[in-house]
Ligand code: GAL
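Before any questions on how it binds or moves, here is one chain, the form predicted on its own, in structure tokens.
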Amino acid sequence: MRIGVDYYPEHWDKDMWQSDARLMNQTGVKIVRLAEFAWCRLEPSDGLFDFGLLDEAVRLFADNGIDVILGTPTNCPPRWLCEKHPSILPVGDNGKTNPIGIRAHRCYNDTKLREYAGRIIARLAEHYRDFPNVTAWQLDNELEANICFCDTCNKKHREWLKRKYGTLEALNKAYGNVVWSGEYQSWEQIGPPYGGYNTTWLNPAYMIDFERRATEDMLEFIQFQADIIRSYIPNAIITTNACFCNHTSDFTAMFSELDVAAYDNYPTACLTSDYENITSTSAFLDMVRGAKRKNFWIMEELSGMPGCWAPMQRTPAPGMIKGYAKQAFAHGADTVIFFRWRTANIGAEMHWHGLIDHSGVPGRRFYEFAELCKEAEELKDIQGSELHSDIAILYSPDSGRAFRLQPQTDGFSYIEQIKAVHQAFVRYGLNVDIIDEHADISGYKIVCAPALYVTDNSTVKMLHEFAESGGTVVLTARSGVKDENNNCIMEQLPTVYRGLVGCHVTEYDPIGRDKAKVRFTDGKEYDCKQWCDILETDTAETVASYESEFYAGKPAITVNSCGSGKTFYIGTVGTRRMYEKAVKQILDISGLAYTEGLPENVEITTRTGNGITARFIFNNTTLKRSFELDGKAIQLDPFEVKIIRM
């Protein structure tokens, strides 16, 4: 397993580089990421390229046996370029050009940005292709959908709509533009959503198309950069660093043409005793692995207390640095790079702490990192092994977009639904893949699709066929609500899934922060919240019923036979305990083996390959844990990971 760091030589005096590189070598650092924000030093004026500083840094790391990931610096165009071609700057929802001075100040579609970005990427690729320790490339930084309101983007959006709908009549009908007299009489009337982007006042059909096109802009920008690098380095390893931004929702598309998926992983150090608060990042790790259905990298890992645009958080407790990195290994990461080696003493991120604080004196966190580097050396036999899962959770980018555009009820969150179902399976020591809703599901035994709000007919067909061939399907409330245009389907919920689940919704109650009760057939009761579908069974059997509100006695959770498989419908949003109870019944019906009796927030994943099976057992709590597993006594300190080779 490789451990690395993010390093910014342009921020530090050169007399520090030698000691930093030497200490990295002694500590066990294998790889560094460089230059993703360094455009102003690499091209200090138009057409004047100066790679001398970067050359020195790359060679210094080579001398210390450390590989390099080079970033393309397109996230932060230099001031001279912004002044010479202000069209590269994005336009905000107020119709005004965004000022420079923060990062990500570029519109992917601007022709001048493409010209200058293409030029510097080509120069970098040509220059560094013969540097043997430059082993990979990162495109830009934390890319998200191109939410820009400039004329270029507006014209591109109109052309996109013309290709999709063909005529204004078809577009007006798809959008329901008769509402609020919004019908277009000409294509030129179609403009960006000025004056309050992403609010509930805007047409949801228009807005989901706007986000779809903006995501395609991001994908084009990724491909544009990757093509340039590959034209000089055909076998280049290329990635980008995903994160959960406001407008990032489609990891599968983001990495489809790249060589490896990568993610910026910042687990919280602020753990609470509230069991309902899912603080584990395991679902996000499984989602990144699911993007390409293979192992991935962490490009930024928690090194110290975050603090920049928000007040500083708690410092990582003893064990967190090692524990969270090993948790990433447990979920399929083969490389973990820490942000950052040194805490910045300049700029907006000076309180987003690295491994070495402003004092320059290595402390507790650094020495824990050093221990991790040594322990990672002992995991060489696990490198390249993979996770194989019988359970998949489907993620729908369109549903994610639609829920952001129209919040359902107070406290309801699509990603929290994904996490809650995921965590219930993790509770039983099982590997779980989180994959795109269009991915191949034929190799799984259980497929869960929480809140498939926006309907895709190919997904509907796939889930029916999966159940009929013997698989177990799990659907939840807010499934089948919208059509592909983000308009409501005029049928009883769950509409297109009714035959699959064997029940229908007669009424629903968005209870928000209030609580209701559900009772399973064995008499056990649990709280539910946020949403209650009041169900009536067609062919399904009742698994649990409501025990409160005016719909007491009505089904809340059902199971239906479908071909040779089963389908469950969970018509409410439950507590973690409720999901764990439901998942145990799902596992029993599906015949999957699982582990019972794990302490709260202890996670088990299994990697296989290279002739070994490695079981990772992670204590994601501040408490010591003692329990029995397969007849053996297991003791774990806070955030400790034990690895059992089988």
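For clarity, every value in this text was computed on a predicted model and none was experimentally measured. Numbering starts at 1 and runs along the sequence shown.
The same protein has a further form, the form predicted in complex with beta-D-galactopyranose, not shown here; the description that follows concerns it.
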Inset, instruction - Could you confirm whether H85 comes within 4.5 Å of beta-D-galactopyranose in the model of the complex, counting heavy atoms only? - result: no
Inset, instruction - Determine whether any heavy atom of D209 comes within 4.5 Å of a heavy atom of beta-D-galactopyranose in the model of the complex, and answer yes or no. - result: no
Legend entry - beta-D-galactopyranose contact at D217 in the model of the complex, heavy atom, 4.5 Å: no
Inset, instruction - Using a 4.5 Å heavy atom cut-off, state whether D264 contacts beta-D-galactopyranose in the model of the complex. - result: yes
Inset, instruction - With beta-D-galactopyranose left out of view, choose which of N241, S479, T567, T335 has a non-hydrogen atom within 4.5 angstroms of it in the model of the complex. - result: N241
Inset, instruction - Please pick, from N141, Q423, T343, S389, the one residue with any non-hydrogen atom lying within 4.5 angstroms of beta-D-galactopyranose in the model of the complex. - result: N141
Inset, instruction - Spot the stretch among 347 to 355, 443 to 451, 401 to 409, 117 to 125 with residues whose non-hydrogen atoms come within 4.5 Å of beta-D-galactopyranose in the model of the complex. - result: 347 to 355
Inset, instruction - Using the arrangement in the model of the complex, list in sequence order the residues of 294 to 322 with any heavy atom within 4.5 angstroms of beta-D-galactopyranose. - result: E300, W309
